[in-house]
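To begin, one chain is listed below as structure tokens, in the form predicted alone.
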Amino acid sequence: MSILAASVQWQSRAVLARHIRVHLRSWHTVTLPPVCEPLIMLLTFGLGLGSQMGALLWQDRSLNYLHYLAPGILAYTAFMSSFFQSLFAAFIRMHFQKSWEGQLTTQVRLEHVVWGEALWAATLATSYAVIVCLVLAAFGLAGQLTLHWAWLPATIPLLFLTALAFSAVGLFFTAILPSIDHMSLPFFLVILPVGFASSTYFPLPDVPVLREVSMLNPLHHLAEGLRWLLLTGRPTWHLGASAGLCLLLLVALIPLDMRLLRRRVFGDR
């Protein structure tokens, strides 16, 4: 319980504040990718590919691909951005920049460093998701997208929770991968299968095994929950399932991350 309580202690907030200050020094360059990526995806796939596809059937509803894709991009951004930050960036700060060593010479303990990394990854991913919301709003103003816009701000807390959960997954791999040369393994073996088996970019085929597996995928529930919410204005059980699975990931992985990272940083057994 003390490990989970460390998330709200001032040392964890101090580590988070440090990451925010460093990030803001180059905000004008780091903001470009989260703006361009959803814009390019919506233009190339939503409008380009979507214009060749015609109507798409989702939950017995006929809609164009752009409307199917928009909530999926929002969910995928929170998922992928947090994982990338807690894997690559956290590994670099731990192993190459030696930022963790400097923090641990102060009143900050390892649990605060880990929570600071997780909170930072979730905060950055959520800010990217907010940028995606603005891009979606621009498509709405252009008359290309019609969503229940009043629900859009209500999605932010759930996006943050999802990002926080997958930051714990990223930190798990940060703890066990022997070198930066192995960073591609979790992407190809874990993250891409989870991402593409989640109905973010296309409806899942009606395969019994895949349908059962998707019930354990919080990203699938998030994408479907956001789709119901933004396209129909109806909150569904998918949102609760996504939140519950993300909480389970946090409770299971954060203590495990702490043990593995303690062994890696201090050599404890």
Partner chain sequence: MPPVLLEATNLEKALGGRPVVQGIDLTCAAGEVLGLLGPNGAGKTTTLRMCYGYLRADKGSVRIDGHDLAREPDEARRRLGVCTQDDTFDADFTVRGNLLQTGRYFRPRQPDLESRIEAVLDRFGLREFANQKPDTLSGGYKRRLMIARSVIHQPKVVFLDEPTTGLDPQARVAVWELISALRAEGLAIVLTTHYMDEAARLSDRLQVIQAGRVRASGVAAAVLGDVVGEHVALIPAAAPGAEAALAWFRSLPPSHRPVRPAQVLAHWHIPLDARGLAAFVARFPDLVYEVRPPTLDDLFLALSTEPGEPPPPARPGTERRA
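Remember, it's a predicted structure, so these values are computed and weren't measured experimentally. Numbering follows the first chain given and starts at 1.
There is another form of the same protein, the form predicted together with the partner chain; it is not shown, and what comes next is about it.
227, 234 and 242 all contacting the partner chain in the predicted bound form, non-hydrogen atom within 4.5 Å: No: no residue has a heavy atom within 4.5 Å of the partner.
One stretch from 181-189, 163-171, 104-112, 130-138 that, in the predicted bound form, holds residues within 4.5 Å of the partner chain by heavy atom: It is 104-112 that comes within 4.5 Å of the partner.
4.5 Å heavy atom contact, residue 148 and the partner chain in the predicted bound form: It does not: once the partner chain is placed as it appears in the predicted bound form, residue 148 has no heavy atom within 4.5 Å of it.
Non-hydrogen atom contact residue 250 with the partner chain in the predicted bound form at 4.5 angstroms: Flag for residue 250 set to no.
4.5 Å heavy atom contact, residue 94 to the partner chain in the predicted bound form: Residue-level check for residue 94: yes, a contact with the partner chain.
4.5 Å heavy atom contact, residue 176 to the partner chain in the predicted bound form: Yes, residue 176 is a contact residue.
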